[in-house]
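Only one chain is given next, in structure tokens, and it is the form predicted alone.
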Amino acid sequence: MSVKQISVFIENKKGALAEVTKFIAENKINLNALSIADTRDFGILRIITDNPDNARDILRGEGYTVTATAVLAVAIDHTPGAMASVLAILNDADIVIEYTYAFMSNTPDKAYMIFRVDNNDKATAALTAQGVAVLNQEDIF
């Protein structure tokens, strides 16, 4: 089970993020989460939307370099130590985490975590065996 994340390569300059999000908003795509990793000259904007294929196509049409990646989304309790517990499960299963970011869920007692890992199937099995809810695109929205 996975979620489709869209990665957009953008210049590291004033207004670049505003421009990308404008195209997403103009096309009535709901942006639920984002993360930016930047360098001096460019950034990688990672987004979770309700319509990732449409977002990808629109941004490509605007000239952006865009990729889609299968990432894991998990629901965790919004309590101290919940993230550490999920990370321990992945560590014990010898899962390599490339990156992660979090965002609030639709309910106040849960948060969502996005994980880019080296093996989605193995990570999903380890997490679900320990009672961690692994989500799909529809679950997030």
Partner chain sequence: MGNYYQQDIETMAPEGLRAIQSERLLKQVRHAYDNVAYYREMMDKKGVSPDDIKSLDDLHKLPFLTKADLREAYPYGLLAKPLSECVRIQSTSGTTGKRVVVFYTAHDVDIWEQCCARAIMAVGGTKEDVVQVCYGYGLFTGGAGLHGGSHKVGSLTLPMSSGNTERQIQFMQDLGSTIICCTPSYAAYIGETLKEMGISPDDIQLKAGIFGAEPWTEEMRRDVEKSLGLKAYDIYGLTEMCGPGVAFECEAQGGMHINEDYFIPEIIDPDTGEVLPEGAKGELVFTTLDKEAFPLLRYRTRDICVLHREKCACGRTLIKMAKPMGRSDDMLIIRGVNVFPSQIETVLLEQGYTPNYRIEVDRAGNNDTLDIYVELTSEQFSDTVRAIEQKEKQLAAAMKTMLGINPKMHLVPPKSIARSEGKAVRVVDKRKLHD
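Keep in mind that this is a model prediction, so the values were computed, not measured. If you superpose the two forms and keep the largest set of C-alpha atoms that fall within 1.5 Å, you have the rigid core. Positions refer to the first chain, counted from 1.
The following text describes the form predicted in complex with its partner chain, which does not appear among the structures shown.
Enquirer: Using a 4.5 Å cut on heavy atoms, which of V66, A102, I58, A82 is close to its partner chain in the predicted bound form?
Expert: Of V66, A102, I58, A82, the residue with a heavy atom within 4.5 Å of its partner chain in the predicted bound form is V66.
Enquirer: Under a 4.5 Å heavy atom criterion, is V3 part of the interface with its partner chain in the predicted bound form?
Expert: Contact check for V3: no, nothing within 4.5 Å of its partner chain in the predicted bound form.
Enquirer: If you check in the predicted bound form, is T39 within 4.5 Å of its partner chain, heavy atoms only?
Expert: So T39 counts as contacting its partner chain.
Enquirer: With a cut-off of 4.5 Å between heavy atoms, is D94 one of the residues that contacts its partner chain in the predicted bound form?
Expert: So D94 does not count as contacting its partner chain.
Enquirer: At the 4.5 Å heavy atom threshold, is R46 in contact with its partner chain in the predicted bound form?
Expert: R46: yes, in contact with its partner chain in the predicted bound form.
Enquirer: May I ask whether S7, E62 and R116 each come within 4.5 Å of its partner chain in the predicted bound form, counting any non-hydrogen atom?
Expert: Yes: each residue has a heavy atom within 4.5 Å of the partner.
Enquirer: Counting only non-hydrogen atoms, choose the one of 82-90, 26-34, 102-110, 66-74 that falls within 4.5 Å of its partner chain in the predicted bound form.
Expert: Stretch 66-74 is the one.
Enquirer: When you overlay the rigid core, is the Cα of K13 off by 2 Å or more between the shown form and the other one?
Expert: Yes, shifts by 2 Å or more.
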